[in-house]
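The chain below stands alone and is given as structure tokens, in the form predicted on its own.
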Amino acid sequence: MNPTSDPTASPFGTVFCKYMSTARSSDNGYVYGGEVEPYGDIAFSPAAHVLHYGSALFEGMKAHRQADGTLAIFRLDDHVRRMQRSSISMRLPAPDFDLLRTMIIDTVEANSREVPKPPGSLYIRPALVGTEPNIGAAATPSSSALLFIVNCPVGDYFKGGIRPLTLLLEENIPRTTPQFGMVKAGANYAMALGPTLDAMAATPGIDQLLFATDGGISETGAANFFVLDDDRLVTRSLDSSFLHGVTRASIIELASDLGYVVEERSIQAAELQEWALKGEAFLAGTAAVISPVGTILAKGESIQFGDGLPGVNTMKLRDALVQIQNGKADDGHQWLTKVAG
């Protein structure tokens, strides 16, 4: 644990809570003793499938301190279901819905004293890795797996808080491995890491790459992409090439509630200049929440959205989402799961 009086001031995901939970697969499902354990290292074989063949996936969600002092997890069941789908896609033993849900709640409740006040939150990271000790299993799945959950008190994902981000358009290198685009697989993040670091070194000041491999914009390495104006919200329609974000789905519903016309369709790179003249852009994800985009660098051209500052509509949507997450607005969609704490 990283000692600090304000964990939200540390880089996102670098401070860990006191407790975690683990469960190992068996012939009868995952074995969880019903008790959390102290946060610490995990042991498995150096021949474990995950170390050689990348059988790793994860989820990311948040618990928020409510206006009345209680604690709630945002869209818990949706994240549990997505992790189940991911495990099936990765050919790992799928955890039972109720077991995974219980483990997440148990871990959050055990760490409830470490949940920061808004605008901070508790980041929840369930992960699943293949543990079968078999280095000859390149063409076969791991028959055993380890499921574990850790928590982090966090502040803003992007350094500098809520500020206009600068993105660099990438039209050649894919963001994800084709088979697992919609899965939170470790391989997808490894795919984006090198190109992102190279781009940041070559173009100082950018925050993320915006991938548009087929000419149609998909996502950055950390979030889904949206454009909007006073009337419309547009984001890429779902396919298997990019992550089906839970925050993305929430924003679509909220935008509809607020009277925006929602379009789910391909967004072509050639459209960006037109949107910049009349509208706004932002990124959305569990970690990023809603993060405004000020500038996109594309083919040597700097495309600035409006005056380059966070847009009015972007901040309107962000406020509507955060108000629900923090219990300051009516949870009409029943997205919050109250837990002890």
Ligand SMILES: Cc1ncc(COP(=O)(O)O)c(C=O)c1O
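As the structure is a prediction and not an experimental result, all values here were calculated from the model. Throughout, we count residues from 1 along the sequence that is shown.
FYI, the form predicted together with the ligand isn't displayed, but the following is about it.
Shown without its partner, this chain lists Leu128, Ala223, Ile104, Met90 as candidates; in the predicted bound form, only Ala223 has a non-hydrogen atom within 4.5 angstroms of the ligand. Site annotation in the predicted bound form: the residue of Ile267, Ala255, Leu243, Val115 reaching within 4.5 Å of the ligand with a heavy atom is Leu243. Looking at the ligand in the predicted bound form, residues Lys184, Glu219 and Arg248 each place a heavy atom within 4.5 Å of it. Contact check for Tyr189: a heavy atom falls within 4.5 Å of the ligand in the predicted bound form. Although the partner is absent here, Ile290 sits far enough away that none of its heavy atoms falls within 4.5 Å of the ligand in the predicted bound form. Although the partner is absent here, Ala284 lies within 4.5 Å of the ligand in the predicted bound form, judged by heavy atoms. Heavy atoms of Arg236 never reach within 4.5 Å of the ligand in the predicted bound form, leaving it off the interface. This chain is displayed without the ligand, yet in the predicted bound form the stretch 78-86 from 107-115, 141-149, 227-235, 78-86 comes within 4.5 Å of it by heavy atoms. Residues are counted as partner-facing when one of their heavy atoms sits within 4.5 Å of the ligand in the predicted bound form; in 125-140 not one qualifies.
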